[in-house]
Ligand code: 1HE
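To begin, one chain is listed below as structure tokens, in the form predicted alone.
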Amino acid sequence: MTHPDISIDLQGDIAVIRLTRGAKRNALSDGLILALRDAFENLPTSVRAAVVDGEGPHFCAGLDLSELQERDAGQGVYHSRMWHAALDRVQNGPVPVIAALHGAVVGGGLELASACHIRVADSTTFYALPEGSRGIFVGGGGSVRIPKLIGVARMTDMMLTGRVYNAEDGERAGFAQYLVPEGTALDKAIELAKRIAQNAPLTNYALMHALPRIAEQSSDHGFFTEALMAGIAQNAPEAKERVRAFLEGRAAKVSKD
């Protein structure tokens, strides 16, 4: 899969997927969104974790407004659903995804970041949802994913007032799980991806696909789903070997370092 606005760098069992529209602050065109979809649909089976990064000083400044065109209601629905399908391949694809954030994480860029499973922000990162001031509404899944990170009230405030969160306030609000010095987000994201790639694949799958669903179920349903997933995961040959290694003293114990 090749596209002029995206690159894929395979580093062993890690894939670094980079937006390469740096001259346009990595603004998301329809072609770029479809290229992201294709990238995640066609990852080699050897890949066990992925990193999404942006070329230049910004991760992604949102929708490419030069592509914004008048659409009737039906066309608008179809266009939004295309974005939903593409970003679903990020969130519900084959491997965990870490976003390396820096500079602008705005509009559609925040929607892309929220589809990833872990977000690492450097100190230059800022977050905004300017759709409210432009007379439009989020259409790439942001109304579903972003409130799960920061809550409905914060997202409402951002869209009503144009509020911008800096890196420190954004980390406290829940946009990112890690905050690192300027220029080091990609290194940290790759470090995390390598660690994640060492997990049992079925455990990673459960965390990506079962845990979010359990969180939205009633307690009774959630407990039952958890029991099913626990039984399936522990039955995997790799899980059995890892438990044996721990019991026999061949695996490292948890420490605070």
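So that there is no doubt, residue numbering starts at 1 and follows the sequence shown. Everything quoted here is computed from the prediction, not taken from an experiment.
Only in words, not in the display: the form predicted together with the ligand, which the text now covers.
Proximity of Val120, Arg163 and Tyr165 to the ligand in the predicted complex is absent: no residue of the three has a non-hydrogen atom within 4.5 angstroms.
This chain is displayed without the ligand, yet in the predicted complex the stretch 136-144 from 136-144, 178-186, 112-120, 165-173 comes within 4.5 Å of it by heavy atoms. Of the heavy atoms in Ala50, none are within 4.5 Å of the ligand in the predicted complex. The shortest heavy atom separation between Ala23 and the ligand in the predicted complex is within 4.5 Å. Although the partner is absent here, Ala230 lies well away from the ligand in the predicted complex, with no heavy atom inside 4.5 Å. For the chain shown alone, His58 is a contact residue for the ligand in the predicted complex, at least one non-hydrogen atom being within 4.5 angstroms. Taking the ligand as positioned in the predicted complex, the residues of 85-115 that bring a heavy atom within 4.5 Å of it are, in sequence order, Ala104, Val106, Gly107, Gly108, Glu111.
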